[in-house]
Every structure is written in structure tokens, then in C-alpha cells.
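First, one chain by itself in C-alpha cells, the form predicted on its own.
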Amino acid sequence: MEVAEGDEQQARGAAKIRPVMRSTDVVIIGAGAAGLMCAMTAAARGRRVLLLDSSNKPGKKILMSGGGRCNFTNMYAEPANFSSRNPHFCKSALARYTPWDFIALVDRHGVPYHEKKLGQLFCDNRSKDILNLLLDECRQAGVELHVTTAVREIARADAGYVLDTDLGEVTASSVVIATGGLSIPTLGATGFGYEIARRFGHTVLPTRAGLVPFTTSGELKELCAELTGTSVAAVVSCGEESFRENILFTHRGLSGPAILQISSFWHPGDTVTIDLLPDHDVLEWLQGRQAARPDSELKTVLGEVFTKKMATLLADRWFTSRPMKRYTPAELRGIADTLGAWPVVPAGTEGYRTAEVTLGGVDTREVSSKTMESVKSPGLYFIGEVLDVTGHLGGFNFQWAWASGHAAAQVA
């Protein structure tokens, strides 16, 4: 490859190459998960592949994912784990490149990994193991990679496309847009992919932050701030969607896996319902504690299932803690209803700044589900997050990157 990962000196050198006219088979814009998969697969087919990224390093999102250990796939990935205005679109690609195909690649490179929970596979060591795997495959296949390289314009040509880049003018029969979405702009996210889609006549569906923490206001924000760092198991629901995972109180609001999951289905003004005791029939449990511990205060009883601080705050702020024997049946039912279905109306989300994905994007009804090729401009492909396909939390979005990149690479 032209530029090795992590070698900033070479990266700067690549950007200073004197502009020349060049021709290649495939130009892939975006050296993230989808772009790298597409590049290595297309090059392995014998295609001449030029992989460009405006950032100074490839795979930045890979490196920061999974707390630095990269949740690179999910063993149970299936179409039901993905959201789109066109829910059938993802089926073909996911069926033709499965989690087991990527796991076989990981095994072949000797990368140690483990299942954390719910089919989520993480590197034992570091995310860089996955990035190095992809870069090694690209290198072996002969991919030419350039970072710190901007693409200013893409236009149709007689035999494909002509691109105005920092490398000069480049012609190619195929162009693959793998630029991702708008999430985490500090890693270089831009709306470039959407701009290109619109330029070639595609519909771009409204975008918003997904898999993102909620912000809160007023008394709820005060409660969250006082409980910052506290994590509890919960079932979180919004509309017809529900997720069972932990929630995390933060100084800004609510986070944790269950909150991130439900955020993708939340819209401003919606109420999110949180069952804080998903393993209990709450009313039955409270009635039992009232019979067994009538002189114990409510906060003491709640301390059996929550941290002492959380139990005290909830008992005092929500219910006015007093001995269990002093609660009437109707009051116990009210306490049970609140703990089992706590209604929360978020003030908003933390936005693209901390969002793991971008919801919406290029309308998949205008893209081939088999090849990822534009139905409006032959030879133009869209893969990964730039499309209106969003996975649940837990390795699903990486699996979509692998599957869509692999699909496009079969024909690009």
C-alpha cells in the first residue's frame, strides 16, 4: 500500500505527491471498516484499487470502538437487528457475508477474541488488531491507500468517472462511497457522502444521531447528576421497541447500553419507559417485604436491590420514605408502578458528538441490495453507514460494514 497505518510521516508525504493524471479500476472514498473490506476484496479479485481518505489515519472509528477492544461482529446478526425505511434491503448482503465469514478471517490472522455477552465478539487485546488485519489484507492484495487526501469533485466520464483529488485527476470505471455518516465529527465525519449522493440524483433521507446518550433537564437532571456513575439493569421501552440492558446515570442525563439502543427509536417529545426492577413483580415483591419487614423504611428495603445512595434518593424524592407498615395497598401499588414503569421524557440527546451511528442516509430504494450499486448512476456504489441502514448496539454495525463492503467488491 502507498501509506502504512499509523505512519504519519508517510501520510504527509502521500498528500504532497505531485498531481498527475492516473487511471484505475476502482476508487473507494473512505478508509473505514466498509471501505477497507471493499478494497481488500475487490483487489483480491484482481481489480486495481485506489483507497482514499481525508483523515490522517485509516480506521479511526475501528480504533475507538468497544472501549478500545472493537466489538467487531455479533454471532447472532440477522436482518431483525437493523433499522431502515426499506427493511428488506440488508437481507441479501448479510446472507452472503455472515459473522462466521469475518470470524474465519479473524482466526486466520490469529487475532484472539472472546464473547462478552449476547453474541458480542471483542478483541482480547486491542482494536488495532482488527485494523491491522484489514490493512494486511489490503497490502497483500495490492491496494493503493492514501490518507490526508481530499476528493473535491466527482463527475461522469465516457468510461466511468473522473475525480478531482489531491493526487490530481483520477479516472475509474467504479467509484465506491464509504464515507460513513455524521457521528463523531472529531474523527473526521462529514456529510460528503450525502453530497455526492444528491449530486447524482439520489434521495437522502433525514439524518439524526443514533445509539446516543440522552440529556435531561430540571429535577431529572439533578437526580441523574447525583447518581452519576450508578449503573442498574433495566428494561427500557419507547413505542413498540424494548431493550433489556444496563442504564447508566451521568451528569448530563442517561446513558448505558439500554439507553443507547432505545435512542435510535426515540423522537423529541416521546416518553421513554424504564423498568428499574425487571427481575421482579414489583408489587408482589413490595407486599412481601411489607409483610416480612414492616418496621423497615422503604429506603432500606430498596437498598436490597439498588445502591444505598440510589435507594435513599428514590425513596425520599419519589415516595417520602417511611416504615413499610405505614403504606396503604394503593400507595404500594403507586410505588410499584413508578419503579416498574418510570416515565422519562428526555430533553434531547448528546447529538453527533458522541453518537455511535447516524440514522437515515442514502435511500436504499435507489441502490441495488445485491451489489450496492446506484440504480441512477451505473458504476457508483454506496456502502456502510452512509446508507439508510442502522444496526443495534453490539457489533451489528460492523457486520453491516463487512457485508455491504464485500457485496460491492464482488462487482465494482
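Please read all numbers here as calculations on a predicted model, not as lab measurements. The first residue of the sequence shown is number 1, and the count goes up from there.
FYI, the form predicted together with dihydroflavine-adenine dinucleotide (FDA) isn't displayed, but the following is about it.
Chemist: Considering non-hydrogen atoms and a 4.5 Å limit, which listed residue (M372, A31, C38, V49) is close to dihydroflavine-adenine dinucleotide (FDA) in the model of the complex?
Modeler: The option sitting close enough to the partner is A31.
Chemist: So in the model of the complex, does any heavy atom of M64 sit within 4.5 Å of dihydroflavine-adenine dinucleotide (FDA)?
Modeler: Residue-level check for M64: yes, a contact with dihydroflavine-adenine dinucleotide (FDA).
Chemist: Would G361 sit within 4.5 Å of dihydroflavine-adenine dinucleotide (FDA) in the model of the complex, counting heavy atoms only?
Modeler: Close contact is absent here: in the model of the complex, G361 is far from dihydroflavine-adenine dinucleotide (FDA), nothing within 4.5 Å, heavy atoms only.
Chemist: For G188, is any heavy atom within 4.5 Å of dihydroflavine-adenine dinucleotide (FDA) in the model of the complex, or not?
Modeler: Yes, G188 sits close enough to dihydroflavine-adenine dinucleotide (FDA) in the model of the complex that at least one of its heavy atoms falls within 4.5 Å.
Chemist: Is F265 a contact residue for dihydroflavine-adenine dinucleotide (FDA) in the model of the complex, using a 4.5 Å heavy atom cut-off?
Modeler: Heavy-atom contact with dihydroflavine-adenine dinucleotide (FDA) at 4.5 Å: absent for F265.
Chemist: Considering dihydroflavine-adenine dinucleotide (FDA) in the model of the complex, find the one stretch among 66 to 74, 343 to 351, 39 to 47, 361 to 369 with heavy atoms no farther than 4.5 Å from it.
Modeler: Among the listed stretches, the partner-contacting one is 66 to 74.
Chemist: Is it true that C90, Y97 and S377, all three, sit within 4.5 Å of dihydroflavine-adenine dinucleotide (FDA) in the model of the complex, judged by heavy atoms?
Modeler: No, none of C90, Y97 and S377 comes within 4.5 Å of dihydroflavine-adenine dinucleotide (FDA) in the model of the complex.
Chemist: Give, in sequence order, every residue of 165 to 181 that has a heavy atom within 4.5 Å of dihydroflavine-adenine dinucleotide (FDA) in the model of the complex, or say none if there are no such residues.
Modeler: The stretch touches the partner through A178, T179, G180.
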